[in-house]
Structures are given as C-alpha cells and as structure tokens.
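Before any questions on binding or motion, here is one chain by itself as structure tokens, the form predicted on its own.
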Amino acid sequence: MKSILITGGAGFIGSHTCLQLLQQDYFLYILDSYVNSSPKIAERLDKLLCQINQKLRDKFKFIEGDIRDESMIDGIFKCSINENRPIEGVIHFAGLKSVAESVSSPSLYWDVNVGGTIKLIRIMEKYSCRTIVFSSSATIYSENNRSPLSEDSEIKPYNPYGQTKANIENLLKDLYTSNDSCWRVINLRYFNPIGAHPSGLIGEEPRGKINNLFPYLNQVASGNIKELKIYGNDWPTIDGTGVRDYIHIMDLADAHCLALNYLIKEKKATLLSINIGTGRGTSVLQLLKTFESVNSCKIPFRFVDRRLGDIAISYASNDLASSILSWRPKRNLSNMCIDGWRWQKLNPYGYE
C-alpha cells in the first residue's frame, strides 16, 4: 500500500479525490487548515466508507495545519516514516481560490499559494519525495485565446489568483529541468467543477460571498437568494450568455487518481500539463434550463451588466487527457445538476 499526502484534502475537490483514492491501494495523510472547508469531512468520509467497504476506514489520517508551516509538514513526513508507510507522492490542492479576493489581497495569495508551495517542495526534497500532482487552473490562460483551449494556448493570467497558479507551474518546471532532477510532475488545469458525490454526503460548501455560478444557483433554488443575476445577455454566444466548460466533481476526482497512478508507474522524470474539462461549452442559460428541467424547479433570474474581466467563451480541449491518462468525462450536465441539487437539499447549511 502506497502512502500519499493530500494537501487541502478537506476541500471541495480534495474531499472527492480522497474518497476515490481510498478505494484504491493508497493510505492518505490528509492536510487541511479548514479555512475553506470543514473538519466534519472526516466524519462524512468515514460514513461513506462504511457503506462502501468498512476495511477502508483505517486508511486515512487527518492533520489540521497551514501549508506555510514547514515544521508541521516535516512532522507529517517523519510520522509516515515512523509508521512504516513513507509518503511517496503528493496531490497538492492547498491554497486560496477566490479570484475576487486575490484582487483585493494579492500579497496574501502569493504568501499562501506560492510561499506555501515552496515550503512543501523543500520538505519533499528533504525526504526524496519527488512525485506531485498539482491543482492548477484554466485561469492561467490568456483571455485573448480562442476556445477550445489546448495546453499550448497562451498563458497570461489576468488576476493574482491565476498568476500564483502559473508561477507554481513555473517552479515545478524549474525543478523538473534541474540537473539532478528526478521530479515527476503533472499540472492538472481544470475548468469549472460542479455537482457533488451522488450520496449527497459531500459537496461544495462556499465560505463568505458566493462567486461561482452553481452554488449561487443552488441558493436561489433553495429560496435563500431572491434571484440569479446573469452578467450580460449580449455576448457573441448561442443565447447571449457566457459559455463555460462545466465538469462533474467526480470526473475531476477520477482525473487526479489517474494522474497520480500515471506518475507512480513512471520510472523517469516527467513534466506534463493537462486540461481537465468536458471539451464542450455550456451557456449560463443552458445550465439554468437543465437545472430547472431535471430538478423540477423554477429559477428566477435577471440580466445585469457584464463584469469587468469576463470573457464570452471558455472551454477545454481534453485530447491530451484522453491520450495520456485515458480519461474521459463519464457524467453529463444533467448528472451535475441532479447531484449538486441533492447535496444542497440534504445539507442546506453545509456541513454544520
């Protein structure tokens, strides 16, 4: 059984990925500060594993801590050795993720996202652990690119959040190209994860102001917010609303498992950047109408002015994910809407 460190493992993407990894031959050390997540994730994972296979319940350990705490990370690696299951790879989710907050507090984002990664890398090198799957983002691409976006599309992030992601990728590239490198790296650049685990036990719990469309949609459907604001109806798209690439969170979790498995099997230095998206665009109105149809509800909405920095169309080319990882999305937009709404109904106050 191989041991893996998952940073930010209690978050939306991290928790779903942990569940998938636990059903494979991995022991997980799960690190999270709970700034954007809940400590109750451990209970939910345990409950899910009881339903799947009770033997899996002893295959993970949660550690509360900040990615910037180098001595704490060192302690996790020491613990893994003392327990005779040394950490062999890392999936690195930990970091701040609000585009709006990154604009108002850029130094915080550079400190946590970039500074925290540097400290993680130092400890990984100390213990000769040089396998990492990095949680990157499609926000690193230039807004001037045309979709579908390939991994060769121009990288020119237009907000501090995207800049931190691009700079971490540059750091990992430098490690890969260093003279004595044995680093195995995959940067997963994903688009717009939505939905939830079909059980409704784990899902997305936004903290503070809701900035993403799907959680906003859930809140309007719940009656907690009066109406959905749609930013612009005059974009050059099929119906005038913005087009994005929405991907089911479980498909994204599967992609992380495949990326990790790929690196562990590799016997040589590796550096890959791979888009994870459905490969097709969905407009805001198309998402809204699908949500209404499959969940038998009505979503009040109104059009408002465009937001500064928004673009008309953004969706992925996922050819590389298919050819290298043998990954293709298995779940459609209806699945995303059904599973995401089930999570909201069963957890109206999140993990509280």
Ligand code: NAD
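Quick note: we count residues from 1 along the sequence shown, nothing fancier. Values in this document were obtained by computation on a predicted structure and should not be read as measured data.
There is another form of the same protein, the form predicted in complex with ligand NAD; it is not shown, and what comes next is about it.
Enquirer: Is G95 near ligand NAD? Define near as a heavy atom within 4.5 Å, in the model of the complex.
Expert: Result yes; G95 sits at the interface with ligand NAD in the model of the complex.
Enquirer: So in the model of the complex, does K165 come within 4.5 Å of ligand NAD, heavy atom to heavy atom?
Expert: Residue-level check for K165: yes, a contact with ligand NAD.
Enquirer: At the 4.5 Å heavy atom threshold, is E70 in contact with ligand NAD in the model of the complex?
Expert: Close contact is absent here: in the model of the complex, E70 is far from ligand NAD, nothing within 4.5 Å, heavy atoms only.
Enquirer: With the partner left out of view, is L171 within 4.5 angstroms of ligand NAD in the model of the complex by any non-hydrogen atom?
Expert: Flag for L171 set to no.
Enquirer: Can you say which of 266-274, 120-128, 157-165, 142-150 gets within 4.5 Å of ligand NAD in the model of the complex, counting heavy atoms only?
Expert: It is the stretch 157-165.
Enquirer: Taking ligand NAD in the model of the complex as the reference, which of I324, C297, V35, I52 has a non-hydrogen atom within 4.5 Å?
Expert: Going through each option in turn, the one that passes is V35.
Enquirer: Of these, T278, S137, S80, S102, which has a heavy atom no more than 4.5 Å from ligand NAD in the model of the complex?
Expert: Looking at T278, S137, S80, S102 one by one, just S137 meets the 4.5 Å heavy-atom criterion.
Enquirer: Which residues in 1-28 have a heavy atom within 4.5 Å of ligand NAD in the model of the complex?
Expert: The stretch touches the partner through G8, A10, G11, F12, I13, G14.
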